[in-house]
Every structure is written in structure tokens, then in C-alpha cells.
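As C-alpha cells, one chain now follows by itself in the form predicted on its own.
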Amino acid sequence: MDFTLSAEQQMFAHTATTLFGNTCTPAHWRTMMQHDRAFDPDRWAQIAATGFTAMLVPESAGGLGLGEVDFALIAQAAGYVALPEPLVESAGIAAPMLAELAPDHALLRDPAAIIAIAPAANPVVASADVAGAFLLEKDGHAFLATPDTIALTPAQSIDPLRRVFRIGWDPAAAQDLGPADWTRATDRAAVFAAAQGMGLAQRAVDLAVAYAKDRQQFGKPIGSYQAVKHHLASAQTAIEFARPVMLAAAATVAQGDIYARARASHARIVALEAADQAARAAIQVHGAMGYSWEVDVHLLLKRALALTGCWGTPAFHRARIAARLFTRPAGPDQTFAKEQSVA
């Protein structure tokens, strides 16, 4: 499989990196926390204006008609800055599902619309307090509800920049969109969580490397010591091993078979493990102060932990990988296998 990015993909990734880098800095994080906020309407307006919210919506429904690899690059850039806004949940998971179920819905033509998505497997819903609509699961069906029909109860979150809520709703007050492919939504969620994990991991390593270059101990930078080098080299190695797994999973989500599901789960596991390892290494490189609020790396670890707990537990995703390994042929020649159609 060729993982070479096209010029258009590189352009989108560069645009996302620049936009997020300029508008979501550690200073912005701290300002939001000081004001007890986890959503910036001005930043969201800029994100919508770039077209990122419409990437996975078909052109026939008013979107850009791009694919999961394209959006994974945006999700990775969002992870790098620990973006508080629900770009992945709304544009990466909810919007394409709504487009499949109701391609003529007006929400799809509003780039600033935020759709919260609530699968039965998730006990809490992210950013429900800023959503303009809710896509909910019951008995395999998807229901579309408006905020005035939803009861929100704030839930605790380890991540101060990611608000989550328990929700109460009545199916009779919502629009039944019919049977929905929640497995495909889970696959997209897994891949885009992996992409965010890649961004989180790289940001953690970058922060630690910058600190290791500046921090002096015994007359020279601590980055010159082998113990520090080994921690960061191991973290970077985990990132590089996870990257092709994430890209392969993103490229094959549309297959919708047992192989694609296993790849998505594999990507989620290894990328978020890389993020956890990198963030913990960065905290250790910063020493005792790495555990304090004055240092930013703890926010990256908290986001990685928050992502690990949504859209299926690690055990759930390991079981999907096991189902593929124990019921289908394995080996190097099966790396990019897919189900063969029956004539």
C-alpha cells in the first residue's frame, strides 16, 4: 500500500497545522481553563470556514467528498494541539453518518453546525453543551434530536479541555432515521482517535526535546545524557511504528469488513499507547515539575487517557483484532487483505 500523500492532502494538512498552531497554543489552553471554557466560537468559525467540517460529507450533500485518510491528517493536527472543539466527533463521525442516513438534511449544508453523537456504547457524550443536534443510538437505529429535547448532566472528565455529559432523551421526541451502521461509526472513531493520538504523541516528544535542549544540569543540557535520549528515542520509535498502522486503517475503513475493523482497532490501540508512552516520557524528562500545572505535557496525557476510554475499551478493540486473527488467514501476505466478494 502506497502511503505517499498527494499534494492536496499535504495542503490540507499544512492548512490545519497552521490554523491550529496559531489559534490553539498553550496560552489559549490556559486562558480557556481560567475562564472555565472548553469551546472557542471564534476558532470554530475559522475551522468551519476552511471546509474541515465538511470533508467527509459527499459533494451531493454540500460537502467536499473526501476520504478518511484526508480527515485523519486533520485529526492528527488537532491532536497535536489538543484541540478542545469537537471537530472529530462532529465532522469525522456524526456528519458522514447523517449524510448516509439523510443526505438532504439541512445540517449538512451548515459548516458551523455541531452534531453530538451518542452511541449506546458510550456512557457520556463529548461537547454536548455546544451541540446544535444529537445523533443517538437505540436498538441499532439512529435518532436525530434537537437540544431542547435532551437533558444534560455534567460528568467528570480527566481532561479539563474536553467536557462530557450524561444525556437523557426520549425516542418519541426524536426523528427516527432508521437502521444505522454503528460499526462503521466505531471504525471511524477508532481511526480518528488513533490520528489524534499520533498528534498528541509527537507534541509530547517535541516539548520534551525542546526542554531537554534548554535545561542545564552539571554544566550541559540534559538532552546530552543517554538516559534522557533513550526515553525520547523509544517514544519516537513507538510513534513511527504506529504511523503506517493508522494510515492503513484510514485507507481501508470503507471496506467495512473484519479486516478493516481489525486495522481500525489495531491503529487505535498502538497510537494511543504511543501517546501514553510519549506523554509519560515527556513528564519524566521535565522532572518533578512535569507533574505540575505549570508544565503543559500533563494535558496531553489526560487527552490520551480520555480518548482511550471512549468508543470501546481497549479490551473491546483487542477482541476485534483477535476475531480477525483467529478466523482468517494470517501472515505477511495478508497485511492488506480484504473479504473476497462472492459472485
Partner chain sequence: MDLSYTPKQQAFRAEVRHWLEAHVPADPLEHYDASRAGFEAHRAWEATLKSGDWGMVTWPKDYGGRGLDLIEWLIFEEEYYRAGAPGRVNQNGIFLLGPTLMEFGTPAQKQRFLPPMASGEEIWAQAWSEPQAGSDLAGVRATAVRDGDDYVLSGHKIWSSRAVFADWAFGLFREPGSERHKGMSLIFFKLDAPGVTRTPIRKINGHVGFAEIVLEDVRVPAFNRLGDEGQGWHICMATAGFERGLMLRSPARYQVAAASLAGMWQARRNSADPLLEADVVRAFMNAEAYALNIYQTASRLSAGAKIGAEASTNKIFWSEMDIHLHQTALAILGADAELVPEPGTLRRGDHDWLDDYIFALAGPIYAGSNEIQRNIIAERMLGLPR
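Numbering follows the first chain given and starts at 1. Because the structure is predicted, anything quoted here is derived from the model rather than measured.
In what follows, reference is made to the form predicted together with the partner chain, a form of this protein that is not presented.
So which of Thr183, Ser234, Gln217, Gln175 gets a non-hydrogen atom within 4.5 Å of the partner chain in the predicted bound form?
Contact with the partner chain in the predicted bound form is made by Ser234 alone.
Selected contact from Val270, Leu136, Leu108, Ile114, since only one has a non-hydrogen atom within 4.5 angstroms of the partner chain in the predicted bound form
It is Val270.
Counting only heavy atoms and a 4.5 Å cut-off, does the partner chain in the predicted bound form sit next to every one of Asp40, Met198 and His298?
Zero of three within 4.5 Å in the predicted bound form.
Does the 4.5 Å heavy atom contact test between Pro244 and the partner chain in the predicted bound form come out positive?
Taking the distances in the predicted bound form, the answer for Pro244 is yes, it comes within 4.5 Å of the partner chain.
Classify Val205 as contacting or not contacting the partner chain in the predicted bound form by the rule of any non-hydrogen atom within 4.5 angstroms, answering yes or no.
Val205 belongs to the contact set for the partner chain.
Can Arg166 be called a contact residue for the partner chain in the predicted bound form at 4.5 Å between heavy atoms?
Contact check for Arg166: no, nothing within 4.5 Å of the partner chain in the predicted bound form.
Give a yes or no for Gly223: in the predicted bound form, does one of its heavy atoms lie within 4.5 Å of a heavy atom belonging to the partner chain?
Output for Gly223 is yes: heavy atoms within 4.5 Å of the partner chain.
Looking at 74-82, 224-232, 96-104, 119-127, which one sits within 4.5 Å of the partner chain in the predicted bound form if you count heavy atoms only?
In the other structure, the partner sits against 224-232.
Scan 311-334 and note down the residues that get a heavy atom within 4.5 Å of the partner chain in the predicted bound form; none is a fine answer too.
Counting only heavy atoms within 4.5 Å of the partner chain in the predicted bound form, the contacting residues of 311-334 are Arg318, Ile321, Ala322, Arg324, Leu325, Phe326, Ala330, Gly331, Pro332, Asp333.
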